[in-house]
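First comes one chain, alone, set out as structure tokens in the form predicted alone.
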Amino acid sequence: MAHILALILTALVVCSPAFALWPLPKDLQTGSKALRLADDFDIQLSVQRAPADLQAAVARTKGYLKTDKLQRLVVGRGENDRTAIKSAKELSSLTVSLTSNETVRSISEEAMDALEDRVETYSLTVPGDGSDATLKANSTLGLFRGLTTFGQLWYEFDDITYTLEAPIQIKDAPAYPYRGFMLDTARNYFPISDIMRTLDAMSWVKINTFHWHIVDSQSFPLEVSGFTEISGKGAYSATDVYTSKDVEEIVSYAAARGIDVMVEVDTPGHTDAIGQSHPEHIACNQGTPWATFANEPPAGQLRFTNTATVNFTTDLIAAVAKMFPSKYFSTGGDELNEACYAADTQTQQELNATGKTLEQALSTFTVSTHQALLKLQKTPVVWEEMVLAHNVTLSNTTIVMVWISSDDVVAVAKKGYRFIHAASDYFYLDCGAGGWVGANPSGNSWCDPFKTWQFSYSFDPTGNLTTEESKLVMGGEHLLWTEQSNQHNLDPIVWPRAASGAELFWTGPGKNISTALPRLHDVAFRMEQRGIGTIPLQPLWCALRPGTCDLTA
């Protein structure tokens, strides 16, 4: 019996993946040799006039190699590797270089390129004989992605940093250009430090867009030049505000980590917070019963039939857009409550005076705000209702976010717009937490059940689409609406679940969930070593014994 148990233990150790690579590279070849990092290991940056953010990325990578100290997730946590690593060859250097002769641009600049222009390809070679490893790319953004991968190759045991799978050859590139995470900072405010910590974690799994849903009906925490009265009265407090300096800091921090910040100012719905300073622009301002006039409290929507409101909103959108260098800006457009406008006397009077329908007025409003963005060379982004529920004029460059249901993807594709997967039935991280509306003891979240990482991972981005329609898929994102979240539970709600989308849209669909799970365990444990409060995916017993807790085991 003891002999059988020993064989099982050995098999578990041998069969456990040595990598915590996430997302899985496009092309990965490995060997079976042990290789350790030399005590004086260094990363040589062979790039003339290397940008400061690339130098900083190299320094961070070297720091993680020293401080991660992640032991292998196997029984014994690497004890059985002792003999192999003791006699292993030593790697002394990684040389990082560009293959392009073009002018060297910073990671930050390249991270904010148009989606179709972003170059994230890289190749990484780690020989098994101790000779220098090499990382090559034709962009600094590609080098940054390769540094991220290199940092995931290594484990620690007895103060030795090592791998068991040398030599290693990787050629990598993303399947989709957009890989995002959305955070709502209006329902509850999030300090800058927590946003930055989230940006760090995003960069470790190659998420490249921070979709910042910064304002909503509950609060308007963004301080906008020329419109400071809105946050002055619409934020929860004077300290729960993002100043222009804060925005600049977050955008800079994100860009240096290969992340573009796409802000969203949702209009014309979800805007009651503006009514605190400008009640003349808001219909149904905190009207009751709120459920008649809004999807959640407080009720209040921009009175877009009014010319002054159209001009006010257009100027506001332009002012916010100038704060963010991204080429993308979301104007929202979801959950417009028509009952609100039907009950609003001024709206009805203005419709009668102009002879317009509500849809025609909405189109005029949308054209105005989007023209302001186009003049600033921004691409408008909208929620799906703007193409499926309303008849408004949109630029053919507009990008649509499909959120209500994955069943709506085909309908959006048939409209011919590029789109991003953000379906609530796969990617909403807040689902399954129970109802938050008061006086409703049996209430559940509207998008039950809880979305596991496995379910998100199983999503097919081109399911039911034709070959031509599939070309419209830009990528996808996980989203966190924060009715029941703040900085205290941010990490465990997001991580490591959001990493499932990171791999889905970097590597592509169709990967094996059973073999992905051990790698995702490693991602979570490495994140924890770096200060992220991840949630366990399974009991540690299961994590140390890959496959033994599968339903079919």
Partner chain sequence: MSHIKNDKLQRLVVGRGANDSAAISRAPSLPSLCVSLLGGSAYHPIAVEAIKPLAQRSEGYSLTVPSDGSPAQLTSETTLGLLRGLTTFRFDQLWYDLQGLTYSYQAPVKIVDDAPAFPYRGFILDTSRNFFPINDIKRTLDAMSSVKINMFHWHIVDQHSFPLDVPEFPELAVNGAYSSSEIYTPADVQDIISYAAVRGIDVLMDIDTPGHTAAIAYSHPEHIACPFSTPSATFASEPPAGQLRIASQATTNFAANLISSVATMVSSTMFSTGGDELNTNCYTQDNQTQAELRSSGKTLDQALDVFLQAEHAADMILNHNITLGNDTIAIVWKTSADAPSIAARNFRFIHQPSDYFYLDCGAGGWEGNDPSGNSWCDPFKTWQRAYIFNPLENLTSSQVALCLGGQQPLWTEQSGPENLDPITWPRAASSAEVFWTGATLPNGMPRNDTSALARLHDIRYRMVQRGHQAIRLQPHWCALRPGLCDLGS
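Everything numeric here is computed off the predicted structure, so don't read it as measured data. Positions refer to the first chain, counted from 1.
Only in words, not in the display: the form predicted together with its partner chain, which the text now covers.
- In summary, the region of this chain contacting its partner chain in the predicted bound form, judged by heavy atoms within 4.5 Å and restricted to 199-207, 148-156, 304-312, 448-456, corresponds to 448-456.
- Think of it this way: in the predicted bound form, its partner chain has a heavy atom of just one of G232, G435, P177, G128 within 4.5 Å, and the residue is G435.
- Think of it this way: in the predicted bound form, its partner chain has a heavy atom of just one of N444, S470, Q349, N464 within 4.5 Å, and the residue is N444.
- Proximity of P492 to its partner chain in the predicted bound form falls within the 4.5 Å heavy atom cutoff.
- The closest non-hydrogen atom of K415 lies beyond 4.5 Å of its partner chain in the predicted bound form.
- Put simply, K66 is far from its partner chain in the predicted bound form: not one heavy atom of it is within 4.5 Å.
- Its partner chain is not shown here, but in the predicted bound form it comes within 4.5 Å of a heavy atom of Y236.
- Residues of 526-540 placing a heavy atom within 4.5 Å of its partner chain in the predicted bound form, in sequence order: E528, G533, T534, I535, P536, L537, Q538, P539, L540.
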